[in-house]
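Shown here is one chain on its own, the form predicted on its own, set out as structure tokens.
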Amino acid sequence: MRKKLLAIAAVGLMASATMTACDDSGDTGDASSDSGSTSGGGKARVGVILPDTQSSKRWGNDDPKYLKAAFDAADVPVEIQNAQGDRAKFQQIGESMINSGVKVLIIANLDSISGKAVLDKARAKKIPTIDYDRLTLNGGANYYVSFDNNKVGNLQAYGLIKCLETKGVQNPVIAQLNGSPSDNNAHLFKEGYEVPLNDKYDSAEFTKGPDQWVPDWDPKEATRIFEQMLEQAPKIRGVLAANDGIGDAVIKVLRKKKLNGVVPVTGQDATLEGLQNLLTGEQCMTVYKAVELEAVNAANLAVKLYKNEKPAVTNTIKDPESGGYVPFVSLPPLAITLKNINKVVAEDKYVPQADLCKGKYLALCREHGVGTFVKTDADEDENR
């Protein structure tokens, strides 16, 4: 599917061309040497284009906040815009930024075709580029900052397997709802979770059920898809959902069938809704990707490039379409269950306790010792 989708995109530059553009970062197109105004009349700055606010709440809330804070701390001007899921708008934003004086461009693409179009324009003006969270296939970005996405999928599979084993489910039928086929990360997640799941299918411990992609990570599409899956395979007893938004859509369908909490569901992103579903027992795990860490690493690269310095990145990732190698800052994901939910809430405060522990979730936070609701010895005795 990915190759068919991207076949119409021109083949990007190989690693050597990528590094050549990076080596030219001291001459960033229209930007003047004093990092002030540009010959085009715009202010020199770092440009950031984010994809949407629907596929994950992080894009509307967390990434802009952490990126801005990192650039403010470095006293480097930044312009952050969101394409709101519109590929044409994504390209328009990119062209506007490129023509108005950005010295460095960071993009989290909607798909590789529109992402590549923006990267090509930046390269033509010798503006260094950073792929953020999602690798743009054939894009030839100078750098890539993301998490180990195969590992993310791996954690999801092992999390689902453990949940099923804990429940003592015999030969469960597993449904897979993958992310958007236009997102390279979704393919990497799938590669990661299919290795452990295929072992279970091959040994006849699990039965492979329906397996579909969810266009644009859209929860409404996920709802429609899973309703059809459950009609076709009513004995589904495990769901590998690619992120928390898809997982929440699955759980809402399961509630109608009174199967919520019976059928383990995975997720990813450690969103507020994902953690709420962990508390109710309707979602068995999520994967925490520390967005602040990702934003800080991307900003650190961009700041160096903005100052005409060359960042030192030793790791690389191979672009599966072009065969080129992109310098890659790889960050570790973490599986989250009720046992370590406080990593997200109390330690990193990624989801504030005040947002999670209210309404019907307040008692659940107390029960599970979330945040400041530390379990006492009396609580432990009562639960034995």
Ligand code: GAL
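Counting begins at 1, following the sequence as shown. Everything numeric in this text was worked out from a predicted model, so none of it was measured.
The discussion below concerns the form predicted together with this ligand, not included here.
Taking the partner from elsewhere, residue 185 is found to have a heavy atom lying within 4.5 Å of this ligand in the predicted bound form. The closest heavy atom approach of residue 322 to this ligand in the predicted bound form falls outside 4.5 Å.
At a distance threshold of 4.5 angstroms between non-hydrogen atoms, residue 243 is in contact with this ligand in the predicted bound form. Residue contact check for residue 189: one or more of its heavy atoms lie within 4.5 Å of this ligand in the predicted bound form. Heavy atoms within 4.5 Å of this ligand in the predicted bound form are found in one stretch of 112-120, 80-88, 163-171, 268-276, which is 268-276.
Heavy atoms closer than or equal to 4.5 Å to this ligand in the predicted bound form belong, across 110-134, to the residues 133, 134, ordered by sequence position.
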